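Take a look at this single chain, the form predicted alone, given in structure tokens.
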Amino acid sequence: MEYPGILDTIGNTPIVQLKKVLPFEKPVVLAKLEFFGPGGSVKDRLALALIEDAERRGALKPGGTVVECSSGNSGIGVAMVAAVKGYRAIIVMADKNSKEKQDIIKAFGAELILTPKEAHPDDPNSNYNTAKRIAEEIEGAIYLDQFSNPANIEVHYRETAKEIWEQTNGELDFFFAGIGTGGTISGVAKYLKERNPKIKIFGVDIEGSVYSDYFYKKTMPEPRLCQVEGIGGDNLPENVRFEYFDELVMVSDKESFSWANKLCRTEGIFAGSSSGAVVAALVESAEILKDFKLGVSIFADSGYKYLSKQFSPEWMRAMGYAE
């Protein structure tokens, strides 16, 4: 008998109903708990898909090197998959991201390179350009590039969206997810819209990001630093497919951290700050949602990765977020 390995446990995450945290009873809102994956986030799916796509294309050879630019979760996923498959992994990440994420990446044996959080996307020292440069300098290395690699959208179209459709019997009429690289929300939205064009797609954005201004005004503001990790953007990745979105809801750092704490204390769901942002967006959209019946939201990662941030009372007070 052949038994599964750790990578076989990626996907098929559970869905639960939010029963206490939201200040309304209708519509019914379900949360897809992506932190049940082995690497603790939705990015496990991405990491495996991007690496196996590179293998199929012959771009990644045995003993090769994978390089990725990450806010932490995709870096963890890539480090985990690389450890299992025997690749060298180099993860480039801005220094604003949590120490927990940094330590997990190193625990899997990956090399971690931190870049200054203030670096503009066009700066040679930005995490994007640093990752590209490293991949070019190392023989046999490949830059996975979750921001423009179509395999990012494809895995969520093929797997995540199909799971949501089956778990709700296709009865959902709206969907909420944070917008980071764009892969999760774009892949799921594409699948759902093909099956029911009436399903409304709500993207969750964070103050300081350029996405909302571009979506509503077609302008590009100067990005500002935000503390929430994994959502928002300082440029326009190819995998952010605005044509699939109906609404973007912008929330603040403080709201995101506050609702992540409330989520933990009311629902017993220990999720990260981007999940708090999703809850904040649902609350902000209560008036719009009153005519809907059933929706699904993505809770991307675990609160264990933010013990030094929103789940630290000292950090919350120091940052001015404590209530």
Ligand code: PMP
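Values in this document were obtained by computation on a predicted structure and should not be read as measured data. In case it trips you up, residue 1 is the first one in the sequence shown, and so on.
Absent from the display: the form predicted in complex with this ligand. The rest refers to it.
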property	result
Contact assignment for this ligand in the model of the complex, among 126, 102, 71, 149, heavy atom within 4.5 Å	71
Answer option from 92, 76, 179, 192, heavy atom within 4.5 Å of this ligand in the model of the complex	179
Exercise: residue 205 in contact with this ligand in the model of the complex, heavy atom 4.5 Å	no
Touches this ligand in the model of the complex: residue 231 (any heavy atom, 4.5 Å)	yes
Residue 184, heavy atom within 4.5 angstroms of this ligand in the model of the complex	yes
Partner-proximal stretch of 6 to 14, 295 to 303, 310 to 318, 20 to 28 relative to this ligand in the model of the complex, 4.5 angstroms, heavy atom	295 to 303
